[in-house]
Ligand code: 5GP
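Just the one chain here, laid out as structure tokens, in the form predicted alone.
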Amino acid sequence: MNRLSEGRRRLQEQGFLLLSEAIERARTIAICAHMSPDGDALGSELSLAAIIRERWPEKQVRCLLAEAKEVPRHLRFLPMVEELEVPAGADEAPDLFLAVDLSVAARLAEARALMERSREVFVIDHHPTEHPFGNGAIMRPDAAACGVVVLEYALYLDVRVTRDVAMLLFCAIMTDTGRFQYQNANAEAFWAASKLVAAGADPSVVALNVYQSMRLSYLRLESVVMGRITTKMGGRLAYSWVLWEDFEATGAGEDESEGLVDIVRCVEGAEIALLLRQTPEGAIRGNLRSKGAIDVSGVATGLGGGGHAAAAGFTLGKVSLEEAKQIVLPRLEALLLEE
């Protein structure tokens, strides 16, 4: 059985052709993923840069972070990670701006101004959206990770998938499928993972760095989150929270908080998991997870965020924790009542 229907394959190849033509027109290219980058964001961004350089060595390619913050601790092992620059270091507007693993321009944060000054903008993503920004886009909501789309592009160009590219893309897919445990871990994801391991990706190295090298301070923060887990709707909704003072008390870094929502997701019987996290600026960010067929992306979108059916997020701005609960929890309860 083909991984993609003939119609979807033609549509994807048409997008790859348009992307290649945009790259051909450009002399300078900037690539940027979303704020608070995860493994899929950085893995897709850095591998795409390597693929472009392999096919078009004359192009000047720069990799940007959306915010002037350090790379998350658990992702610093990735190849090429030292290339990432903060937006302030890229004064000259590029000919082409490639936005990776995001479909909402606001998630470019500090890099958005550079994107808006670019001559041409192209989006490569797997998040569902009705209104992609940019001059062109490749949107694959059925792909488990943006890294799957980037791998397909490398194969379309017939460029060599180096060990570094394989490691980057394997990390992208492994993290966005939750170690191949989420609902998006489909046949295509396993096909891509197999191709990448054959090309030199080492799953044990990725797992060791991302999931098995937690600092003691982070584990103490995990215990705080576990101790606060609360359920509603007969256990169908589980939620917890972490305040900025908890980071300070435990010594854990904000960049280590990505996996905290999965602790809440582990609650038996919970169909929706929510983690509310306070930023140093006082804003409240929310992470949502769904175990079954319930689509939490609509709630996230309604709160100014976005994501997938089973994994989504949003930012509320400067509100108190109690205000955040009053805003979010009724929406999730209403969603469960619809089921």
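We number the residues from 1 along the sequence you see. It should be emphasised that the depicted structure is a prediction, and the values quoted were computed from it without experimental measurement.
Below, we turn to the form predicted in complex with the ligand, even though it does not appear here.
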Q: Could you work out which of 29, 311, 64, 49 is the residue within 4.5 angstroms of the ligand in the model of the complex, going by heavy atoms?
A: 311
Q.
Under a 4.5 angstroms heavy atom criterion, identify the one residue in 112, 236, 127, 195 near the ligand in the model of the complex.
A. 127
Q: Spot the stretch among 101-109, 77-85, 216-224, 150-158 with residues whose non-hydrogen atoms come within 4.5 Å of the ligand in the model of the complex.
A: 101-109
Q | Contact label in the model of the complex: residue 291 to the ligand, heavy atom within 4.5 Å | A | no
Q. Would residue 120 show up as a contact with the ligand in the model of the complex if we use heavy atoms at 4.5 Å?
A. no
Q: Answer yes if any heavy atom of residue 95 is within 4.5 Å of a heavy atom of the ligand in the model of the complex; otherwise answer no.
A: no
Q.
I'd like to check something about residue 285: if you look in the model of the complex, is any of its heavy atoms closer than or equal to 4.5 Å to a heavy atom of the ligand?
A. yes
